[in-house]
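Take a look at this one chain, the form predicted on its own, written out in structure tokens.
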């Protein structure tokens, strides 16, 4: 009996051993047949960078902490109008990712290359043409010291320190002048500031960082604008952020119903300088504390009454204006900081009066009525016989403005201004560009109508446009580089990549339009398309590199 029990126990143990071995072998076989997967689930594919940036908290601390642009930014090929997304990879040690590091390195290399292109462009002879000395009457303002001729060093301004302003003592020496005053005193008959003006960097830096001592609403206009004052008595025009960088204008909106964009004002200044015009006042981006730098210091009671706190705790205000000044269209901080453009104010009208001119190609601003130029193909022949377009450079000056507007898709150019002192023989001020860069996916051919109808362009403009179409000076690349110098670039690029690609596309359209004009000139024997403003330099060494 005992023997039988031992035999049964041994049989059970051997059975259990064989079953255990069989299960282990079965599990090993099953595990080897299954493909290996990473322990961590992969991150979602790269999303549109502009949506990521829209959720970014725009605070002063976030700006200072960003040594590189945010990850996941779209890498757009401006020439081929393509977009590729850099895929995010698995987290590495320290909270960063391999993909982010690679993307940041690629972006840095690309930006360095673009900055070299921008420097090469501004070093090109076309941007450094020899100029004769400026006659005394071609300066907009003059320093007029008090007292006798022998007392030229006497004080021009003396003010007590009050309301946050500095106690200043400026004399006739330009070294004592603040940057904004140097800018005003540097305006001439043909440009707002000279090429590579060393004062520009100091001027924009001060506007972006200097303490704001006063903020009041600017009267007139259809949308909210403020005038900001600084301790050194400088002033700048403030336009707040109203929509995200990647938002396109609604296709169902008429051009006169569009928002003004703060980044468009900044981009217009940079594009105007790249085109060699220098007719847009310097503009720079800044993060403004809507409480400390507007609400707490404003003396504008009407403006102060429009401040409120939103349901999510953001401080908002809307001001008083013809359109878009209501709680539904308020501008809000996040929760306090608000992006804005600050453009240097031009000299006061009492010192330098300006004349406003109605654009001959002004739109009807009607939902159904067309303007005269839209129905008459030969409309320009009448304009060429009408003052001030019948002589001098006024027509080609206007065409310069048309090209700028077409490149940045600005349909809202109903008037332009000039300084009264210079009469009809002067440049046009390229002001109020807030409705530019609204759409990148569609070009507006009607903006270019004056060029197509008149077939007239100055030679220096035509040569610079051709230069900007070359790979080594490509307009999209140099624009990207120029905008990267603005303080708000650390928050997000001022222009989304599709807008930069649109610049290349539109530049080609401008050059093709001029080429068609030249072909028509040969066929029909019309007047010359190119207005030769470089004729006096034709036989000089300047043209050797062109």
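Positions refer to the first chain, counted from 1. On a predicted model such as this, the values are computed, not experimentally measured, just so you know.
Below, we refer to the form predicted in complex with a small molecule, which is not included among the displayed structures.
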Open item on the list: Taking the small molecule as it sits in the predicted bound form, is residue 223 in contact with it (heavy atom to heavy atom, 4.5 Å or less)?
Closed with: yes
Open item on the list: Taking the small molecule as it sits in the predicted bound form, is residue 421 in contact with it (heavy atom to heavy atom, 4.5 Å or less)?
Closed with: no
Open item on the list: So in the predicted bound form, is the small molecule close enough to residue 417 to count as touching (4.5 Å, heavy atoms)?
Closed with: yes
Open item on the list: Can you work out whether residue 239 and the small molecule are in contact in the predicted bound form, taking contact to mean some heavy atom pair no more than 4.5 Å apart?
Closed with: yes
Open item on the list: Within 4.5 Å, heavy atoms only, which of 260, 272, 293, 339 is in contact with the small molecule in the predicted bound form?
Closed with: 260
- [ ] Could you tell me which one of 354, 459, 195, 452 places a heavy atom within 4.5 Å of the small molecule in the predicted bound form?
- [x] 354
Open item on the list: Check for me: heavy atom within 4.5 Å of the small molecule in the predicted bound form, for each of 281, 343 and 431, yes or no.
Closed with: yes
Task: One stretch from 301-309, 395-403, 346-354, 132-140 that, in the predicted bound form, holds residues within 4.5 Å of the small molecule by heavy atom - done: 346-354
